[in-house]
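Coming up is one lone chain in structure tokens, specifically the form predicted on its own.
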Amino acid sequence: MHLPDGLLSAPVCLGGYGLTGLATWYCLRQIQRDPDVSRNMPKASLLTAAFFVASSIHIPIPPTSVHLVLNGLLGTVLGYYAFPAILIGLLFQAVILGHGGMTVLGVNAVMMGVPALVAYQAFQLRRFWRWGSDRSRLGIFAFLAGALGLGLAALIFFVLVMTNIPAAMDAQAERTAIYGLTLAHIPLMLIEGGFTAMLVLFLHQVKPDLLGHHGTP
């Protein structure tokens, strides 16, 4: 899922940093309006660590393998905290694990962070859904948010790579590989959606206040 150094042109990388700066500023502004930042910071730190570790858990889906991303989970549980959490996780993944790179850090942050914010908004839509019990609504919308976050990230990855294949490479072979890699993320969407739903239902049962306010919507 991580875009590597050298794949994208300099203007695209600079544009990624610009969008990341704008999104980070907006999210921090929303977080400042959170009446209880100190309560949410430990939760954000814990899920940042989970995001960092997730990239090392590979799931073989022939003919390739994918790794957990959990950006939809972070968006669902953390709200506006998710984007800076993902940015920090990506920075450590690039420096320590070599996943992605520094020149594409901004693009990778947009690719995984913006879908996390979309997942957060999708999870909030449960408030307007009148059918079913509170628990069933939580589970359904958490599943959709978790799957949506990863699906949007995979779609952005697909568009960026398909439109930036270096001329020196075999374009047809690269396209075939990219199609296969993107399709391999469909079962991963179900896995991450299911994991997000289970975590949200667990938190709802043992600590429901952890699913509460995450800054001003």
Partner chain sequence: MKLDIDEYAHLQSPIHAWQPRYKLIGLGALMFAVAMVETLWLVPVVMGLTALLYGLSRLPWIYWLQRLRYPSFFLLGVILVLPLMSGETVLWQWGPLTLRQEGCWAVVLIVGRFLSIITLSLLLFGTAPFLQTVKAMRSLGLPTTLTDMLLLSYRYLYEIADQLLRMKQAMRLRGFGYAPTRRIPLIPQRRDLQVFASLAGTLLIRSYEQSERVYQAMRLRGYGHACSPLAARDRPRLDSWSAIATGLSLTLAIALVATEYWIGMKA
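Small disclaimer: the values here were computed from a predicted structure and weren't measured. Positions refer to the first chain, counted from 1.
We do not show the form predicted together with its partner chain, though everything after this point is about it.
Colleague: Flag Pro35 as yes or no: does it have a non-hydrogen atom within 4.5 angstroms of any non-hydrogen atom of its partner chain in the predicted complex?
Modeller: Contact check for Pro35: no, nothing within 4.5 Å of its partner chain in the predicted complex.
Colleague: Within 4.5 Å, heavy atoms only: does Ile140 come near its partner chain in the predicted complex?
Modeller: No.
Colleague: At the 4.5 Å heavy atom threshold, is Leu8 in contact with its partner chain in the predicted complex?
Modeller: Because a heavy atom of Leu8 falls inside 4.5 Å of its partner chain in the predicted complex, the answer is yes.
Colleague: Please determine whether Ala54 contacts its partner chain in the predicted complex, using a 4.5 Å cut-off between heavy atoms.
Modeller: Yes.
Colleague: Counting only non-hydrogen atoms, which stretch in 124-132, 140-148, 98-106, 111-119 is within 4.5 Å of its partner chain in the predicted complex?
Modeller: Selected range: 98-106.
Colleague: For its partner chain, considered in the predicted complex: do all three of Tyr26, Leu152 and Val159 come within 4.5 Å of it, counting heavy atoms only?
Modeller: No, the whole trio is out of contact, none within 4.5 Å by any heavy atom.
Colleague: Just give me the residues of 184-209, first to last, that have a heavy atom within 4.5 Å of its partner chain in the predicted complex.
Modeller: Residues within 4.5 Å: Ile191, Phe195, Met198, Leu199, Phe202, Leu203, Val206, Lys207, Asp209.
Colleague: So the Cα-Cα distance between Leu7 and Ser55 shifts by 3 Å or more in the predicted complex; is it shorter or longer than what we see here?
Modeller: Compared with the shown chain, Leu7-Ser55 is farther in the predicted complex.
Colleague: Between Val159 and Ala177, do the C-alpha atoms lie closer or farther in the predicted complex than in the shown form, with a difference of 3 angstroms or more?
Modeller: Closer together, which means the C-alphas of Val159 and Ala177 are at least 3 Å nearer in the predicted complex.
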